[in-house]
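Look below for two forms of one protein chain, each set out as structure tokens: first structure 1, then structure 2.
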Structure 1
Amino acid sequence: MKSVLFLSGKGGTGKTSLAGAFAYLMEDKVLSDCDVDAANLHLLLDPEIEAEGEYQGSKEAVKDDARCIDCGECQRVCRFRAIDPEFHIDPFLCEGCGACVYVCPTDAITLSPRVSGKWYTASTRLGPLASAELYPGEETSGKLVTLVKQKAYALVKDVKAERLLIDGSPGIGCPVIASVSGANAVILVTEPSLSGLHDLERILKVVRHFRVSAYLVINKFDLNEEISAQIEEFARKEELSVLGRIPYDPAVPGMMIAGKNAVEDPESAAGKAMREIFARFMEVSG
């Protein structure tokens, strides 16, 4: 089994659109959405959930009022101001560090697992899917990505798939690092802007750190062909293989609203470019 990860240095570059195109064109695969903060690959897949569960990624302090003697030690050591003057613990401010548990003389405080999100696996019109949702304000997104990948690997084993397509998170943070680990290839999607070029430089450093083969796609290249040329020059200097360019296609947003991908429209210029990019990737990646 070979895994292909789609990443971008920033959001909105068309990463999920390209991942959806590959999902439509590729056979014998499992799909995974590791953008746990804002998963949206399922919008192109019409999924039916088959299994789901809670994700307990962090802990929070819980006080037993019967044991508490109001000594104030917990409030003294709390650096997050999660304990008020009456020694009530605010779950929204508590970081689960455990300092209050350590100093409490009566063992009135314990750390309890907190539900931070949920995971699910589903059947879709394009293949099995593993995905997750991290609840607003929660942390440990990297741990949730790892859980999603474990669910995806289990699906791969169940259906004996040859490929795993992973839609990753934008940026270079914890969920991206958790996604890159163990990947066989990464397709980087950028756009023709100075911020797009800058973010491409950052995400390429992360991918290269993990020694994963990287490929580049420039989306909406014709909106600024001068910067597109700068991006291609950067790729040439970095020996980063360019799979192709995707033109701006005003029909794409409407198709995505309808839950379809550009490659499903034979008249779409973007869809045609995505088909060529897919063929090129399959040729060079083996």
Structure 2
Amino acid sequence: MKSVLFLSGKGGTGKTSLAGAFAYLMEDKVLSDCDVDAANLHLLLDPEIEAEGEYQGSKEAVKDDARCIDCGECQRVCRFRAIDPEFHIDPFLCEGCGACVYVCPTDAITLSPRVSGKWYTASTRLGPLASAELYPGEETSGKLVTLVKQKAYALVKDVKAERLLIDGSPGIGCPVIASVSGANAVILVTEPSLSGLHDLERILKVVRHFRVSAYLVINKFDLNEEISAQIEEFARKEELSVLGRIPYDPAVPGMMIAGKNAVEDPESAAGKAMREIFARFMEVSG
């Protein structure tokens, strides 16, 4: 079994569109959406949920009012404004650091884990899917990504799939580290903007640290050909293989509305580029 992971550094570069195209073109695979902040691969897939469960992520301070003597020590040490003038703890502002727990003279505060979201597995028109959903105000973590990956690997075993396709998290933090480890190949999707190039440099360092084969795709390359050229120059210097360039295609959002992928339309310029990128990837990754 071989796994391929899609990463982008910054969000909104078209990472999920390309992952969706690969999902459509690739055979004998399991899909995994580790972009749990904004999981939306499933919107293209008509999923039918088969199993689900809770995810406990962050912790929050919980106060036992019966033991509280209103001394205000907790409020004094909290740097996140999470404790109001009446010494109530706001769960959305609480970072779960435990400083209030430490200073409370009556042990009225404890840190307790909270349910931050849920994971699920589903059958879809393009194959089995493992994904997750976060609740409002919750942030993703390597812990949740690892959980989704475990579910995806179990699906791979069940259906004896040859390939695992993972839509990764944006950024370069903990969730990305958790998704990179164990991947066989990473496709970096970037767009021609200065922040796109900056993020590409950072994400490549992470991927290289894990010694995973990395490939580059430049999306909407014709929106700013000057920066696209800079990105290609960077790729050449870093010996990062460019799988292809996708032109800006205003028809793509319309196809998304219809629940369709650009590669399903033989007329689409973006779809044609994605097909070529897929073919090249299958050739070089073996």
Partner chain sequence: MKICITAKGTGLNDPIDPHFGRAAYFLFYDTETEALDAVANSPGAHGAGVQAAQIVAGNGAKAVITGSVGPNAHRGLAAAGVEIYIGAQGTVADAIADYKAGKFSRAAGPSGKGHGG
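In this text, the rigid core denotes the largest set of C-alpha atoms whose superposition between the two forms falls within 1.5 Å. Residue numbering: structure 1 sequence, from 1. Because the structure is predicted, anything quoted here is derived from the model rather than measured.
Here the form predicted on its own appears as structure 1, and structure 2 shows the other form of the same chain.
Superposition on the rigid core between structure 1 and structure 2 places the CA atom of I49 less than 2 Å from its counterpart.
When the rigid core is held fixed, the Cα atom of C68 travels 2 angstroms or more between structure 1 and structure 2.
Residue displacement note: E201 has its CA displaced by under 2 Å between structure 1 and structure 2 (rigid core superposed). CA movement of F80 between structure 1 and structure 2 equals 6.8 Å, with the two forms superposed on the rigid core. When the core is overlaid, the C-alpha of Y102 ends up 8.0 Å from its other position between structure 1 and structure 2.
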